[in-house]
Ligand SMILES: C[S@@+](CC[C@H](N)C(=O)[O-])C[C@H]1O[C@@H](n2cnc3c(N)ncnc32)[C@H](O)[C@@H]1O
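There is one chain below, alone, in structure tokens, taken in the form predicted on its own.
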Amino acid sequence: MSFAKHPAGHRPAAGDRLEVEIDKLAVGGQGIARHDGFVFFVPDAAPGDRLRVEVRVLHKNHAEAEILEVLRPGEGRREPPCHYAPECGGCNWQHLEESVQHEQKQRLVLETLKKFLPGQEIPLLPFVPSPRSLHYRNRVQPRWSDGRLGYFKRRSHDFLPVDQCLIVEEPLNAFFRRPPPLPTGDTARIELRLTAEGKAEASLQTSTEGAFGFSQVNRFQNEDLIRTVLDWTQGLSPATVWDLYAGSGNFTFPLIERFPHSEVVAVELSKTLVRLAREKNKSKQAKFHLSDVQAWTRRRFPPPGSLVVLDPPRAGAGPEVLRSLAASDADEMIYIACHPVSLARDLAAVLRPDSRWTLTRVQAFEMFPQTDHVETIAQLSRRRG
């Protein structure tokens, strides 16, 4: 097939082959290239790559393309440390040097916030790398098929058997080498996890939540997150602390220690996680409530002078929750986010031109090395006067 040469602005067609250069990476991990005024999204690309690609899917304002050949690799492209990486759908950024992963994540957070908060100053602090870039995950959900564990191949549901996984903590690799004898259907999802005591466990995942449905998978970087939240609350003396999407108390218990004379209200929808938190809780000042956060904030406002901490799942808290909190007399909000678009959308619900709130600081963390995912903490303060 000949390589297409379009006049400027001409729409490409599916099946066209052309040469492009990758400018940067997008939310979702794909490379962004422009050719004859048209935007292309290219998986498995690196910034600075010169590529021969084929157009696969055409949309109204952009196209999806697949790499046929790397003509000139970008400076940050590398040989992936895992030999399964070219096929495995688990880690989409192993082909990038870690410094490039950090740079791209910092840029994505900044550009996403600027897009949703036009005219706002974005007080972005330096990026925080993970203490470990490999063997950091304490929980993972591989597939089981024909007595083997593995993952789906990239952009497919074809099973790829795996004998080891470089991103899980080493005790969990024992399950890849010798899969657990679980009664399962073909390509069933298995949950592998390390308990708080360091014991490796495996079970059939029967729901999207599971017993450990929402907990930080990188315990090494989680220590930095907790430390940052506590550092950012230095000098505060709130009568009440709200911890929304509290899980089993990842931030709640450190906040109880930080504010021993404050009432601490933790809200979480998972019955399992609330039960675990209540069993652990020895403080009379703290209460763990089983509730949907949106329903909770419809019925209640945090008292004047409160500190509110939110750690919602990937979809975010939602504008309704943020608007309700912004209308209260709380003094401070700290939002922990695992998706920059959800964070930016929710902050935009608060930071309107007439808002009583200001964005105090933002910091991005490497919670998920070798992938495009990034953790971000943002602090909002209520203007005085």
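Computed from a prediction, not measured in an experiment: that's the story for all the values here. In case it trips you up, residue 1 is the first one in the sequence shown, and so on.
The same protein also exists as the form predicted in complex with the named molecule; that form is not shown, yet it is the one meant from here on.
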{"query": "Triplet L307, E332 and T358 all within 4.5 Å of the named molecule in the predicted bound form via a heavy atom", "finding": "no"}
{"query": "The single option of L255, L192, I167, V293 touching the named molecule in the predicted bound form, heavy atom within 4.5 Å", "finding": "V293"}
{"query": "In the predicted bound form, the one of P179, P312, P129, P80 near the named molecule [non-hydrogen atom within 4.5 angstroms]", "finding": "P312"}
{"query": "Among 196 to 204, 84 to 92, 98 to 106, 264 to 272, the region lying within 4.5 Å of the named molecule in the predicted bound form by heavy atom distance", "finding": "264 to 272"}
{"query": "F288, heavy atom within 4.5 angstroms of the named molecule in the predicted bound form", "finding": "no"}
{"query": "4.5 Å heavy atom contact, W144 and the named molecule in the predicted bound form", "finding": "no"}
{"query": "Exercise: G247 in contact with the named molecule in the predicted bound form, heavy atom 4.5 Å", "finding": "yes"}
{"query": "Interface membership of N173, the named molecule in the predicted bound form, 4.5 Å heavy atom rule", "finding": "no"}
